[in-house]
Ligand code: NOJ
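Before any questions on how it binds or moves, here is one chain, the form predicted alone, in structure tokens.
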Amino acid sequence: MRQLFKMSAYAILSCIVLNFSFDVQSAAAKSESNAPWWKSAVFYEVYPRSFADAKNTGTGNLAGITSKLDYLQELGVDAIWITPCYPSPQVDFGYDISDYCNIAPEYGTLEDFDKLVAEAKKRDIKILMDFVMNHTSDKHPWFVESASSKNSPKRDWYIWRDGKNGEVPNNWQSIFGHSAWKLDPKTNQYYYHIFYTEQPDLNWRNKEVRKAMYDVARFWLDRGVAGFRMDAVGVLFEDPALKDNPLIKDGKPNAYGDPAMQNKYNDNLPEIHEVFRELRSVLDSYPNNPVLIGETTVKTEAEIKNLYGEKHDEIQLPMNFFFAYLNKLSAPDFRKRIEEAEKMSISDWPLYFFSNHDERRHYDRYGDNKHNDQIAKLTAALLLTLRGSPILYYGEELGMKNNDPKSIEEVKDPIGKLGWPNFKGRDGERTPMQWNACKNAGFSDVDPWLPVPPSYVNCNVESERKDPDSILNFYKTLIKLRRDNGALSQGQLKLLDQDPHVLSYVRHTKKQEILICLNMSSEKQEFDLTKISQKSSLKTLFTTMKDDQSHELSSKLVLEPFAVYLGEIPK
């Protein structure tokens, strides 16, 4: 479940001569000329409860998002992924859906949604919905009907099974703790829920379920959405024989005290690919290249490749969780992850992120309590200069911190109550967006659903707009550089040397080459160019270094602690 720097104009002696094969250049050029919009897009995740409250209810809403579109345009984002805003009992804050084709009253109406899409379109911003495919709320009419009788026409829309020897059908665990089965006394059968008990799993082996869900996708595509982020799609299928999952020998219990288990028979079964292809065909029938982003948790980066489909007819952008799980600044570790991603073909486009509504904010995860702002800028530079599409999480462009509950009584997230104190839940990364230094960070005139941290007084949009060295202005500059330079938005990537402290790579197209150097240490580092370059000048595009290096250098670049350097290599 973070500043525009004063820059000195200078030239640095060195030129990197890269000999790319004709085939790679041709493929890259073709990719650039025919690239769909999402390949160059910067995505921005909005948690609607926490982004902007235009109605002073203490909870964010669609009208609030619409009121902040000018800010998002100013930031430079191309598409907004909105986490669930459908009608819901809010057990899992929207991920328990009771109506897929409407808007929750606390967020607004379908008319509010249509206005958001229309206003975003005026600013060349696309809207993506969160598509929760694996489960519904237990209050959804489908499940209410399914649970009414063993003979219900919708009984097979969910996973119902008899118990085994007076116990649950098997040993499968819920991701949110304990057994994944709940007994329904009325019919004396158990239903399966890999998340909360209030989130029964749909049966994707049922053709009627598939048709109903694809019709949901069409409903929102007809309203102008540009695609979907698919929630938890790796767990759509379960082994029909209900085999027990193997326990992990010597594995540590999870935060809820359950034994360590390998989800062999209810995670990433082969049948998911058929669903991906079918849903993709629905999107491909619409104009303007709608996109599928997949919350697809796999065991290795190499497995991500399978999610694109053999014919590139499945998920266009599988999320790279391995990248986000690196919770330390380590040039070798990041290099290894990037190298794995780069083993895929040119047409396999990565999707990177550091933070989201389920992950702690990376300002805290990577910060050392001394250089947090510099590190926030460095991680932003990495995210925005890699080959692939980045997802920003609202507020990361400010350096927003986690604001974790101080006691179990403060916890709103149910899994925080279940896991306390080992796991405090996800409230900390879901606190309101910090717009200004006024009461409640300008989010709402009334007390918001979650408290804002004290740091909002300085860490807010209004203050950072005025500060040329702010994290916000850093993000704006990097996003603009990415947009203005084809090598950064569409180019291929070549990793450079094995320096233990400096992560370096070149982004290149047929027309442009850009060197990126990121010092991931708290000490000055010398980046030696002699092994890979001939003498020539680099055109500095951007740097966080304040030292004047306009004088000639002897083929080396001195990088300040946590420095960022981008230089264009003359063609």
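These numbers were taken from a predicted model, which means no experiment stands behind them. Numbers follow the displayed sequence, beginning with 1.
The same protein also has a form predicted in complex with 1-deoxynojirimycin, omitted here; what follows describes it.
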property: Contact label in the predicted bound form: Gln199 to 1-deoxynojirimycin, heavy atom within 4.5 Å; result: yes
property: Lys154 within 4.5 Å of 1-deoxynojirimycin in the predicted bound form, heavy atoms; result: no
property: Any non-hydrogen atom of Arg361 within 4.5 angstroms of 1-deoxynojirimycin in the predicted bound form; result: no
property: 1-deoxynojirimycin contact at Phe176 in the predicted bound form, heavy atom, 4.5 Å; result: yes
property: One stretch from 396-404, 89-97, 368-376, 68-76 that, in the predicted bound form, holds residues within 4.5 Å of 1-deoxynojirimycin by heavy atom; result: 89-97
property: Of Val225, Ala232, Leu382, Val168, the one that lies within 4.5 Å of 1-deoxynojirimycin in the predicted bound form (heavy atoms); result: Ala232
property: Of His193, Arg387, Lys424, Arg430, the one that lies within 4.5 Å of 1-deoxynojirimycin in the predicted bound form (heavy atoms); result: Arg430
